[in-house]
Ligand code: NAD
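Next up is one chain by itself, shown in structure tokens, the form predicted on its own.
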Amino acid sequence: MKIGFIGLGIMGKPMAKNLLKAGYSLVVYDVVTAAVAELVEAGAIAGTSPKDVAAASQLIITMLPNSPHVKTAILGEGGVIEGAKPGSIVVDMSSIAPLASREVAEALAAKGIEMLDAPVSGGEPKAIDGTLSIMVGGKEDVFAKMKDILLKMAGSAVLCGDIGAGNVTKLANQIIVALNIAAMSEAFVLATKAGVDPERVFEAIKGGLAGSTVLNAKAPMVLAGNYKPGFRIELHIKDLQNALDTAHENGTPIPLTSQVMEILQALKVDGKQSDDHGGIIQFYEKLADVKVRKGGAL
């Protein structure tokens, strides 16, 4: 099967490379030509537009920043919908608003094109090693056709419901991740301010009930003062905005999400929007006038 891949950013590039390693033939496109060139060097074919990619592919994967980018790439002029053949499948792996997924799916269905919304979790490290978690919305039979391909990029792929359910699940995931990082930040700043080495706090609690994948991934980065982005603060702002919008649409109260959103917005105003979301701790450090590092406060 020839696969089209549109969107070769921090996440999309390693995901596409894993499909190449698995032996699939790829046609790729991105507005950043250097990213396309890197994939061509790895064995892919360069497409000239989303339409061009779709015309050459039976499966078209998109991995883009947000809802407007997905709508433009799929439904816009020169988009996927103009090149895709009836019976082809679009798998949007971007993290976007569930309503946008449904709108795109409806437009594609009118042309006889199937769609799954399949956002991912795990950040750049898991995109590189092919162990992402994929949350999928769509028809069960379409998912069954695509599952083996998805698992070339991931450790798990779970069908969560109809179109949009993948992105609802991703929003739930992003709420939990953001609140975990904020809780870790409060705890480490408290410990540091009280004169206790935060690294020892981490070692003591990681095997107990407070332990989590988030804690194990972010604590070592925070303790080293490393905020090189695996997942940028500005992208988590986007996800939480989609969560808040969805919650407002269906009448769900999510007050803790609102509070973390304000922390992220404060960090953006402070020029830290490109930092890893583990950098949430910088908000607390600034208020407490302390730096959390191995060995204790700086």
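Don't overthink the numbering: it's just position in the shown sequence, from 1. No experiment lies behind these values; they were computed from the predicted model shown.
Note that the form predicted in complex with the named molecule isn't included here; everything after this is about it.
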property	result
Partner proximity in the predicted complex: Ser101 to the named molecule, non-hydrogen atom cutoff 4.5 Å	no
Contact of Pro65 with the named molecule in the predicted complex (heavy atom, 4.5 Å)	yes
Distance check, Ala16 to the named molecule in the predicted complex, heavy atom within 4.5 Å	no
Distance check, Ile6 to the named molecule in the predicted complex, heavy atom within 4.5 Å	yes
Non-hydrogen atom within 4.5 angstroms of the named molecule in the predicted complex for each of Leu59, Ala110 and Lys145	no
Segment that reaches the named molecule in the predicted complex - one of 263 to 271, 39 to 47, 245 to 253, 26 to 34, heavy atoms within 4.5 Å	26 to 34
Gly130, Gly83, Gly123, Gly164 - the one with a heavy atom within 4.5 Å of the named molecule in the predicted complex	Gly123
Residues of stretch 138 to 176 in contact with the named molecule in the predicted complex (4.5 Å, non-hydrogen atom)	Lys170
